[in-house]
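Shown next as structure tokens: one chain only, the form predicted on its own.
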């Protein structure tokens, strides 16, 4: 396959195994139908859907890279690191992600208690209906419960009113460290990528600190073209990738046909001056 920057790669999306609404199999079909030429499923802090995604992609003759999106705490904020092309059976990564997920149920019960205090009872049980597994419960599942229950009109309103810092349903979670997340990915044979850097609202100094510490731990990539970036940010983070010698990645961050701004496979290509992350992972692609 041609591994140039023009490849229609979508290396960031989510299934029901974390906070998406489609199965890995349905996502594989949607990606193939949209003309995606290289796909990765990157569920949050979870690799339980990887074998299903590999099998589904293979059945469709869709080249595939293993993936995950790991939540890390950096400078008091949550940053996401995408891992690509790793061995999804690597014991250290499996155990590290299990430990990271372990705090979700107790956090979710605290969130529900906060919502109950402002007149929204039963939120834990309500959110759980959207995921089925307390280990994977997240703010997105609470948001879907609150929208469907008529408490808010849409998911952004839920986050504004209830689920961000200082609001009734917000409870911070202790995520993995940047060193741990990058280490799990690289020691399992993959490449670590900073996800959607434009979303963090860092100052230039904070962003420089993130990138340099990430690279010091062995991180090698950055998402340039992604669903939440503006056209200006496509250019800005292309410049960042060149400046720091980072591999460039591309992905829609697709979660759901109803909720996502950008569908699988519909982003513009990477700029030709970049080195795409998939060029460094050619031997890790499942065919």
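Positions refer to the first chain, counted from 1. As the structure is a prediction and not an experimental result, all values here were calculated from the model.
Beyond the structure shown, there is the form predicted in complex with a small molecule, which is absent from this document and is the topic of what follows.
Item checked: Touches the small molecule in the model of the complex: residue 155 (any heavy atom, 4.5 Å) -> Yes.
Margin query: Given that the small molecule is not shown alongside this chain, does residue 217 nevertheless sit within 4.5 Å of it in the model of the complex, heavy atom to heavy atom?
Written below: Output for residue 217 is no: heavy atoms all beyond 4.5 Å of the small molecule.
Note to self: Residue-level question: is residue 255 within 4.5 Å of the small molecule in the model of the complex, judged on heavy atoms?
What the structure shows: The answer is yes: residue 255 has a heavy atom within 4.5 Å of the small molecule.
Note to self: Since only the chain is shown here, I'm wondering whether residue 104 would be in contact with the small molecule in the model of the complex (any heavy atom pair within 4.5 Å).
What the structure shows: Result yes; residue 104 sits at the interface with the small molecule in the model of the complex.
Check: Taking the partner as it appears in the model of the complex, which of 176 to 184, 204 to 212, 82 to 90, 134 to 142 has residues with heavy atoms within 4.5 Å of the small molecule?
Finding: Checking each option against the 4.5 Å cut-off leaves 134 to 142.
Notebook entry, point to check: Looking at 159, 151, 74, 124, which has any heavy atom no more than 4.5 Å from the small molecule in the model of the complex?
Noted result: It is 159.
Next item on the list: Scan 199, 167, 98, 109 and let me know which has any heavy atom within 4.5 Å of the small molecule in the model of the complex.
Entry: After the contact test, the surviving option is 199.
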